[in-house]
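Alright, here's a single protein chain in two forms, structure 1 and structure 2, each given by itself as structure tokens.
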Structure 1
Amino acid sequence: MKIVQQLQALTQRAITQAYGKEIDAEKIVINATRSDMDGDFTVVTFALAKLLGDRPDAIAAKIGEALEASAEDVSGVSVVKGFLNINLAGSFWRKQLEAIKDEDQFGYAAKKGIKTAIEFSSPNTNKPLHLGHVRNILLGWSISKLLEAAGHDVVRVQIINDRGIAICKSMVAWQKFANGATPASLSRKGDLVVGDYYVRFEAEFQEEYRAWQNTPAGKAALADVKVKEGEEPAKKYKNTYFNTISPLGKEAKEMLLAWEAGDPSVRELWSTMNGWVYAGHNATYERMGVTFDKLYYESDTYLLGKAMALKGLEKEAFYKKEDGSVWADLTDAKLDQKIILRADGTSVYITQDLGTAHQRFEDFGMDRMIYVTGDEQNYHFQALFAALAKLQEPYADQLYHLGYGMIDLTTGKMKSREGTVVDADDLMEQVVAEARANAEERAEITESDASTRAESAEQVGLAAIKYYILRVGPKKRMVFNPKESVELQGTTGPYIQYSYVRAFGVSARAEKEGYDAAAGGAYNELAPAERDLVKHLLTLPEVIEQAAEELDPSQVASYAYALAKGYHRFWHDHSVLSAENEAAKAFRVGLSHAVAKTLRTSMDLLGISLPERM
């Protein structure tokens, strides 16, 4: 039972003793006492005045008197106007600590019977995973773990965007420039190889476009482009050039049409290059500690989306224009007219999402579906949900889009086509190298073998990345600083890992050396730092519940940091293994064990593992 619920039950009994009335415990408002006042928790009596027919200050006095008389866990009370401040006895905190230590999954809620599907990552197969994907993946994974901890049955899914013009660009470039090179012949991850040719296509196209701009036809075409003040004609005309004039653009579009027509040679190349990307992406996921329960592929679901479009026409939820294109009128949802199928029958972005949503409901019958993408797709998901509502899909009101802010480097924005992105693999290597360099400066770990040092650097490096990103609220745009992320001081993953190593180490050493665990039962005079740590430990269930409800892992990140900081302060001010008596030693060993256990739980919710040595 949560601590506030325990106090509500105590206060409920005290009210019955004082007034002879039964009050619903949930109507009793209890908050943490303000830091400038004496007390642990405060009962707000104003809401009880009407129910009990008495003044708030009188109610506070009578409840306080009843609590002092009958509640052994209450060591004292004070009345401040309509507020009753309660001091809890050391024995109360000691018993709470014992309960935390004994509970296998402290902080986790009972199963709620709610099935939630969460879509995240969902990359294109024309490039490797990059820093933008990293934020998406870490948010999706952590939110899925939070929902599980809050009692949901969670299904982790992604849609692999394995078809379209971007994929064809990589294929065309490989055909033209690779000379048959493969990941094996290049000794390079497959997703990196395919990404190289996506960048190569763009570079070749840009060169082609620049040359065309200097031709008479190019100069004439750009002279006719109407632009607003500050706009560049060449930039505005670029897509038109690609779609109507560019030889490279023609090759990519012809390849897409051949793919749609099922051309065997195109499909074989597509399958081969996608296979390279899948192998590369899977290696990155494995290193990040991320898995999925179900994969969907756009090459399958766009056909399902076409069926949904026809279904919409039959139900008159969608309409067809004279050119044959299919549209949804979403003005009743304060949006606009949204194209669902092109005039030639080919799908658009929203088409496959309609089909995928329907298929997922068929597969899982989920109560809720969460999409994790960058906030630049906010409008897309508003339109998707509105279109599904028009189709009267039974799950349409169960869909939610978590649009997170973009992530930049200290050097600025990234662009995939220009090759200025930071690959997820390179990022991990860089930060792990930073962690390794920092570790080499600390003499205490140089005695360990090379394998142990490498494993520690990997854990510290990945914790640095994950924590640095997840400590920021999802809706906020952020800048990632690799060097700052690995610092052992400040709000970082390694700082929390170091606190865990201390807490785990002291409890492990005590177990090895032996101590009288039962002696802790006599320890009732807790120091403020000890009391504060137990208090903080007890808030984990509420933190998990709120973080899951708000889909915000940063709340757990803040909780873990505050707990680590509190333990460092306690460690500095109080001896554990050399405590003043056996009772203090036993209690503090137990406290260290509970802190280590709770740090492990909270960091696991962020997808972070904790080393036993740093």
Structure 2
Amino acid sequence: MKIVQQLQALTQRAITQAYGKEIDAEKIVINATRSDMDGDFTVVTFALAKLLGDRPDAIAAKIGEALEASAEDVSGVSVVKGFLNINLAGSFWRKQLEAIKDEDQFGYAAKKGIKTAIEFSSPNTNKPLHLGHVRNILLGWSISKLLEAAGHDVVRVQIINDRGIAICKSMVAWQKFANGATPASLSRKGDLVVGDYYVRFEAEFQEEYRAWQNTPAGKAALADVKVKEGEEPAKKYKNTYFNTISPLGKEAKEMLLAWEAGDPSVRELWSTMNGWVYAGHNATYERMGVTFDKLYYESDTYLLGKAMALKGLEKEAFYKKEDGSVWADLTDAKLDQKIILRADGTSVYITQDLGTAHQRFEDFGMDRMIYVTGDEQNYHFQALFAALAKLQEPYADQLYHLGYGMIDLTTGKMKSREGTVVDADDLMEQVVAEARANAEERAEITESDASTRAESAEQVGLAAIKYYILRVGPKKRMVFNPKESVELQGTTGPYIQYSYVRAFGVSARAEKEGYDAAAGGAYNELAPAERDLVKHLLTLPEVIEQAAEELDPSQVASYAYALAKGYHRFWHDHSVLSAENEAAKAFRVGLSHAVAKTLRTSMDLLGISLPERM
């Protein structure tokens, strides 16, 4: 039982003793005592004043007296205005620590029998993963771990957007300019190669468009474009040009049609180039420590979506317009009319999502489904959920969309077209290099060999990136400062890792050298730093529960940081191996052991691994 609940029960009894009235225990407000006041927990009595017909300070005094007399774990009380500060005995905290120290899955909830599917990352197959994906992947992975810790059965899925005009652009450019080059012949990651040709296509297209603008036909067409003030005709006309005039655009569109028709040579090129991308993406995922249970491909599910649309028509959940297009009326969900199928029977974005959702339910029978995407898709998911509700899909009321805020670079907004994206691979490489440089500088202190240093640099660099991004609440738009993200000091992953290195190192050494573990039972006068650590350790289950409930890894990030900080402070003031006596030593070894274990648990929930040396 949680300590606060125990105290509520005790306080409830004390009130009955002092006033002869029964108060609902849950209504008694008990908070952690402010750090600058003496005490562990504080009963806030203002709300009780009316119920008991007494003044807050008098209530605090009377409850305090009763508590001190009857509760053996209460070592002292003090009253400040209406606040009753309670001190719990050192032996109480010592016993609490002993109870969790070797608990295998401390912080994890029992299985709830709820199956949750979570979709994240879900890239296009025409380019490498970039900074936006990094936030998506880290959030998705961490939330999936949190849900598992909270007792859910989790299935991690992706929908891979492997078809469409974008990949066709890469394919056209590759055919025209690559001379048969492959990732192997270029010694370059496959996703980067395909991305190169996507960029090449865009560059060639820009050039073609610019040249056309200077032809008589181009000038005439642009002169007719109506624009608002500050808008450029050429920019506004670009899509129209691509779709109706551009030779390159025509090639790409013909390729898309050939793909849809199942043209064997186009399909073959398509699957070859997608294969390159998958190999590249997988390498990136692997380095990030992320895996998926099941992948869905848009090239499969867009057909399923069409079936869903037709089912919707049968059920009269959707309706057909005169031109043959299929629509959903979502006005009762405060949304608009939403198209489900085009007049020519081809699918739109939402169509494949309908199909994918249904297929997943067939595959897994999940109770809940969580989508992690950028918040620019908030409206899309509202519409998707409303449409699934209209179809009366059984899981329709258990769908969640987590739209995270855009991640901006310090230099400005992140736009792939302007070439200011930070590539995921480059980012990891840069930060790991920084960590390596740091480790080399400290090589004398750590007395480690080169391969150990390289390994820990990898862990440290990745921790820096992951922590930097996950410490911010998901919905908040955040600024990514490349310089600052490399920083290994302050509120960072490496700071926490260092705390772990200390806690783990010292407890492992004590185990190895041997100490009198039983002596700890005599240690009942905890120093403030020790008491704070034990208290903080004990809150892990609540932190996990709430973070999972709110789909918010940043709460765990804060928790881990506070724990690491507390341990650093403790370390500074107290010696473990050369403690004053055997009792103190035994207690501190146990404390260090528990801190190390808890840091490991909480950082694991963020997808961050901890080195034993650094």
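Just so we're clear, the structure is a prediction, and the values are computed from it rather than from any experiment. Just so we're on the same page, residue numbers count up from 1 along structure 1's sequence. Each form is matched to the other, and the largest set of C-alpha atoms that superpose within 1.5 Å is called the rigid core.
Comparing the two isolated chains, structure 1 is the one taken from the form predicted alone; structure 2 is not. When the rigid core is held fixed, the Cα atom of G275 travels less than 2 angstroms between structures 1 and 2. Here N481 counts as shifted, since its C-alpha moves by at least 2 Å between structures 1 and 2 after the core is aligned.
After superposing the rigid core, the C-alpha of A181 moves by less than 2 Å between structures 1 and 2.
The shift recorded for the CA atom of Q8 between structures 1 and 2 is 4.2 Å, with superposition on the rigid core. For V77, the CA shift between structures 1 and 2 after superposing the rigid core equals 3.5 Å.
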